[in-house]
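Read the single chain below, which is given as structure tokens and is the form predicted on its own.
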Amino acid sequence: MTMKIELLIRGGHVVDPAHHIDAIHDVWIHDGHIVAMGDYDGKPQRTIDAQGLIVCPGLIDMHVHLREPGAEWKEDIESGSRAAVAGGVTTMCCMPNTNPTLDHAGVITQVKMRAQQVGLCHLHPIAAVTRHLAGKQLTEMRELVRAGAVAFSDDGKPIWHAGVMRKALEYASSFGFLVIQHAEEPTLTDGGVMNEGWVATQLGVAGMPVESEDSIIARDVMLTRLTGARYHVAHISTQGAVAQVRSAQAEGLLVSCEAAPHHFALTEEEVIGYRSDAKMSPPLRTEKDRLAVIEGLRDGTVTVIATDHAPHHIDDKRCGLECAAFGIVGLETMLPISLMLVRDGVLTLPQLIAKMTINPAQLLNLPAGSLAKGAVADVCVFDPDATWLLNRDTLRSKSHNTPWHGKTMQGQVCYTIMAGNIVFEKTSNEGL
């Protein structure tokens, strides 16, 4: 890691939704913290000319799979951190489906220590709800929080057993812990590889119906009402799911949800041609579902954008659609894909940035997502108009499973600053 210096980000358009800032300002950083915005009697050791650029809090991705420990050939904490900062992300939350599972305090500690050694990105583990993700015995939640866990999920697998889910929500509600659900009824999706519908029929493959997601959320909302717990739906993808979360929120239940960029940017038609890079869980849905997720983002039902970054080795994706692994990488494409919501008039730029900064920070009680005086200097500086061609071979992730290979992106990160250190700087040959 480089030495912390006095840094001036000059003349940028500062967008800090946490403090309703949306104006041209200078941002001063000293000793790893924000010391001033505007006039300041400092002597910067380095100045970043941010004229024409957006300056915002470092992005937060609350849903990533880093594969360490246990599958480091797909991704590890260092390669995932390099991908994150290239995408403007300074804080990540990693899911527990590793080997060993993040269900023991020692493993949580190991992951946090490894991230500190890498020193590129803040990393907060999300611990397992059940031992070994088996869906049976609850983990020692308080012990895992003491070790550094910020929430609980069996993501990668649903918590399908209603009795286990009730116990998890009851215990979590006693301490205010957040339970995150991968909403899927596995008896409805067994053998499925994509959304159930005309595309799956045309390709001759088994489908995964929207009812698999909707039914689990309906059950969980009832259990949330019973227990008073904090409940969060990961990577929401269906019209019915968004409607159920909206209704639960209107009732006053502590229910929230996130959307992944691929679910509001792509549909099931992306799989035509047996494109395994468009295979994910939950799957890409119909245009009706995509528009429902966008409406949820617009009206505030969906408060967070998170990637579900799921790296896989090429051998896991180039083996035919039916046997290919679920998931895509997303850390380096989250910002440009999400900016389409601003260009299309769905969200203002501050509204969009809030869904990737202060909203997940508040949901998880993280000390991040703000450019307030005294805050840790996690900053993203990006050009919203820059265009660049996505080449999978230039991604910083170890894995290159992306459906956006060969497509033009609009919006590019120029600098990422983590705790006052410039951890990413765009080179002159990046972009079109």
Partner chain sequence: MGIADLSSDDIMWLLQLGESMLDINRRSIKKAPTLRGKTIINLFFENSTRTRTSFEIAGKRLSADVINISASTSATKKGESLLDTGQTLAAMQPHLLVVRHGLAGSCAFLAEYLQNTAIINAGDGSHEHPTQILTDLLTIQQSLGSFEGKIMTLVGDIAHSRVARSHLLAAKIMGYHIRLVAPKTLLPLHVARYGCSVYHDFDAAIPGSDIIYMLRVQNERLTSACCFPSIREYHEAYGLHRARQRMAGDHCLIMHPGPMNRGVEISSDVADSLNSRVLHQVENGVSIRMALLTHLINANNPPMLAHNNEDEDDDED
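Positions refer to the first chain, counted from 1. Nothing here was measured: the structure is a model prediction, and the numbers come from that model.
Below: the form predicted in complex with its partner chain, not depicted.
Exercise for the section: With heavy atoms only and a cut-off of 4.5 Å, decide whether D76 touches its partner chain in the predicted complex. Expected result: Heavy-atom contact with its partner chain at 4.5 Å: absent for D76.
Practice task
Verify the contact flag for G320: yes if a non-hydrogen atom of it lies within 4.5 Å of a non-hydrogen atom of its partner chain in the predicted complex, no if not.
Solution key: Close contact exists here: in the predicted complex, G320 approaches its partner chain to within 4.5 Å, heavy atoms only.
Exercise for the section: Find out whether any non-hydrogen atom of L178 is located within 4.5 angstroms of its partner chain in the predicted complex, and reply yes or no. Expected result: No, L178 sits far enough from its partner chain in the predicted complex that none of its heavy atoms falls within 4.5 Å.
Problem - Contact of E196 with its partner chain in the predicted complex (heavy atom, 4.5 Å) - result: Yes, E196 lies within 4.5 Å of its partner chain in the predicted complex.
Exercise for the section: Have a look at V145, I294, L339, L203 for me and say which one sits with a heavy atom within 4.5 Å of its partner chain in the predicted complex. Expected result: Result of the distance check: L203.
Practice task
With its partner chain left out here, work out from 98-106, 321-329, 355-363, 115-123 which stretch has heavy atoms within 4.5 Å of it in the predicted complex.
Solution key: Residues of 321-329 come within 4.5 Å of the partner.
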